[in-house]
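Provided below as C-alpha cells are two forms of one protein chain, presented individually as structure 1 and structure 2.
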Structure 1
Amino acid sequence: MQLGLIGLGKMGGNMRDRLTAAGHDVVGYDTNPDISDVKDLAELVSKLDAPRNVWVMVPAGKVTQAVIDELKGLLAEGDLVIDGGNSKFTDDAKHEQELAEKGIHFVDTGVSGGVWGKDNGYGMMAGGSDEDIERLMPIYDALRPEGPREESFVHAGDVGAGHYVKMVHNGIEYGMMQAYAEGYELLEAKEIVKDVPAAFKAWTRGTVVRSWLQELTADALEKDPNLENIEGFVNDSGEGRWTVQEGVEYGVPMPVISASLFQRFFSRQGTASPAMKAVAAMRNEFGGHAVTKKGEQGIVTDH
C-alpha cells in the first residue's frame, strides 16, 4: 500500500522504516533534506497514486495547521489525511471541516510507543469514519505489534476520538511516572536500602507494579544509579494539561494526574527533587525526550 509520510523525526522516521520493512511503499518528506525522499510536499503528492493517503507526523499546533493548509491545496477529492501527531482533539474537527471543503477525508490517530516502536510496534487510537479506518487498516496492522489487533489498536469513535483517547493515555502516563518517581526518592532517602537500582530491577517479574515504565526506570538507574548526570527539570507536552482541563469540564476528580502535572511545573521553578530527576529519565528512555544535564539551564518547550 502507498503512503505519504510527512515528518521523519524520532517517531516518523522509525514508522517509515517499519512500514517499508512490511512491504509498503512509503514516500517520506522532512524539512531535513538529508532524510527526505522528496524536495517538497508538491513532489510527495505527485508521487502518490490517487486516491492518496498522507500521514502527518509533525508537532501539534501551528506546524500541523500549516501542513494541513498546504495539503488542502495539493490533494484532491477522495484523498485522505491522517494526523498522527499529538494534536489537541479540538483541532481535529476543524481540520476535518477544512479538508472536507475539497472532498478530502480526515482521520486522527494517537500513536504510542516512542522511540522503541520501530522494533516493538506502536499502540494506536483512531477517530474517523468506518470506511476511512478500514481503508487504512493495512497501515495500522503493519505499525502495531504482533498479536490480537484489539490489544494494540482501537477505532475509538468519530473524528477527534483517537486524539482524545491518546490524551487520556498520556494523562495516565503522567500519574504512573510520578508514582514510580516518588517511590524512587523514598528508597533513596532510606538508609537501610543499599541498592535502589536493584530494587527497581527486581520489580520486573512477578510483582503487581511491573510495567514497561518500571523497566525503563530500572534501565535508566542501571546507566546512572543516582541520576547524577541530569537535572530534575521536566517539561510537559500538553496532553496532561488537556486531560486535567477535561476533568474540570466534566466534573471528574483527577487528583493523581493533576498533582503529577503540577509537580512538573514545580520542577521548572528551581524546586526540582530526586523524584523529578526520575521522571526526566523515564521521558528520555521511552520517548527520547531531551533531558537537562547537570549544570545546564532548563528550557521550557512549547506544548
Structure 2
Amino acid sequence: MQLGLIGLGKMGGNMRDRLTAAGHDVVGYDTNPDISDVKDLAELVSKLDAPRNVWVMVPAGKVTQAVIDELKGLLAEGDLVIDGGNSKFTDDAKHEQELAEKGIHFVDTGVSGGVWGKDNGYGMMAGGSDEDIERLMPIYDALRPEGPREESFVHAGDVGAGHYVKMVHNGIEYGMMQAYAEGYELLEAKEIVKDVPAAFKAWTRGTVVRSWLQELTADALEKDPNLENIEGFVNDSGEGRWTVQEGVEYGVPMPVISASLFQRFFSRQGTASPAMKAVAAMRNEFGGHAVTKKGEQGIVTDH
C-alpha cells in the first residue's frame, strides 16, 4: 500500500527500505534533499491517493509539532497521520484533537529496534481506534519481525497508549542497561575473571540473563574489550525522565529506573557536580579532611 514517510534518518531511512522491500509504495521526505523523494510536504501529499496515510518519524517535541501543523494544512478529511517518533504521550491527545478539527485521523506508534530493525524488524506499540489500526496493519506487518504478530506488535489502547507503552519500554531499558553495566564494572574491578568479554558472551544461551542487550554488550566487548574508545558519558532521550515522573505521579516505587536515569545525569557532570561539591564542602567544614589530603604532619585520624 501507499505510505508517506517524513524523516529519513537512521530510523526512517531503514523503515523505508524495509517497507519497499515488502512491496509497499513509500514516498519519503527529508530535509536532506539527497535522500528525499520530494521537495516538500506539499509535493509528498500530492503524490499520495486519498485517503492518505502519512507516517511522521522525526524528533519529538518542536520538530514533530511543526510537521503536524503543516500536515494539518495539507491533508484532507479521512487522511491519517501516524506519529512514530518518541513523542511524549501527552502530546498525542493534543495532536489527535488538532487534526480532528479537519477530520484527519491520528495514531501514535512507539517503534523499537534501533538500526537493527531494518533487517530484524521493529517491535511496535500503537494507540488509536480499531479502524485506524486495522487500516495500517499491512504497514505494521511489513515493519515487524517474522513470527506471530502478537510477539512484536500491540494495539495498546486509545491514542497515547502506544507511546505510553514505548515510554515504559525505554524506562525498563535504562534499568536493564545499568544492571549489565554494574555487573561489567564489578567483573573488571575484581580481576578474578581472565576474560570478561568471554563471560558476557557465554550468557547468550541457557542463562537467566540472556537478552538482546546482553548480546549487544558481548558484541561491543568483543570489538573493544576494555571499552577504551568509549567515554562514560551517557545522554538520556526523554522517555526515562517521563517514566520516573509518571511513577512519582502514580505512587509507583521506581528505585531501579530512577537510579539508572540519575546515573546518566551524573555521568554528564563529573567533578562539576554541584551536589558532590556540596558534600565535599561540608566535609571541609567539619574538618580533618583537608588535612587528610596533605597528610604530612604525623599521625592523623578522620573526624
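Only the largest set of C-alpha atoms that superpose within 1.5 Å between the two forms is called the rigid core. Since we're looking at a predicted model, the values are computed, not measured. When a residue number appears, read it as a position in the sequence of structure 1, where counting begins at 1.
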Between structures 1 and 2, the form predicted together with a further copy of the same chain corresponds to structure 2
ask   = Can a Cα shift of no less than 2 Å be assigned to Met15 between the two structures, given superposition on the rigid core?
value = no
Can a Cα shift of no less than 2 Å be assigned to Ala278 between the two structures, given superposition on the rigid core? yes
